[in-house]
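In the form predicted alone, a lone chain appears below as structure tokens.
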Amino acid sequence: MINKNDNYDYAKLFSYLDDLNSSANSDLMNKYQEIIEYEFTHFIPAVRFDSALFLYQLALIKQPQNILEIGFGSGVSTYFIHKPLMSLKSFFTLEKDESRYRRGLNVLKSFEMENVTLLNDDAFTFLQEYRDKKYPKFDYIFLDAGKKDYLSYLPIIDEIIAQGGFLICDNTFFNGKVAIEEDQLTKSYIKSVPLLKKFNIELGKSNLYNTSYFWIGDGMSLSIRK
């Protein structure tokens, strides 16, 4: 927690931390840049480097067998989750945008992730069908989709996550918008920010998880299924 009495220059401190992480993980930083720049035609959102390292370290510790990623995007997070795994039974990652999906198939092949299954599918459809077919539960779920939908995903995720499984959610700060009064939000954030704030509260209060929130990237939460 930040102490308001501390005389830190937080901009410089965060820059220093970025430099430390980049230096300590130079090979991963290079891969991070390579994936972002791969077949670059237009900007595709990617997790920040410190967020990617957080995903990497959690996967290294947990060594999950069944993984679900909701929101493939650039493929950075997929790579960082996949990289430290010593064995794997299933890894599903979802991407609704068709152009990102087509690029993503090439990313998986080029960066040696061919045992990852990328689906051009709506997340709600996939989650409902997966739940209904009673497939093995996931022990590592990364949620990085539309923020207004986080709250709607949660009841289904509750049913498909294994005991002791990790649920990691990105963008829980939403570019700092969660700390702004609702009457000061611009039109594009009026609906999504209140829903994300409600999600953060509901997740934290849920009796199903032990949850903590971290000042990593744009805010990340880690929930461990009881």
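Numbers for residues come from their place in the sequence shown, where the first is 1. No experiment lies behind these values; they were computed from the predicted model shown.
Heads up, the form predicted together with a small molecule isn't pictured, but that's what we're talking about next.
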Mark G176 yes when one of its heavy atoms lies within 4.5 Å of a heavy atom of the small molecule in the predicted bound form, and no otherwise.
-> no
Answer with yes or no whether D121 is in contact with the small molecule in the predicted bound form, where contact means some heavy atom within 4.5 Å.
-> yes
Is V193 close to the small molecule in the predicted bound form, meaning a heavy atom pair under 4.5 Å apart or at it?
-> no
Tell me, yes or no, whether F92 is in contact with the small molecule in the predicted bound form, where a contact means a heavy atom of each within 4.5 Å.
-> no
Tell me whether L203, Y209 and Y213, taken together, all sit within 4.5 Å of the small molecule in the predicted bound form, counting heavy atoms only.
-> no
With a 4.5 Å heavy atom cut-off to the small molecule in the predicted bound form, the contacting stretch among 182-190, 58-66, 158-166, 44-52 is 44-52
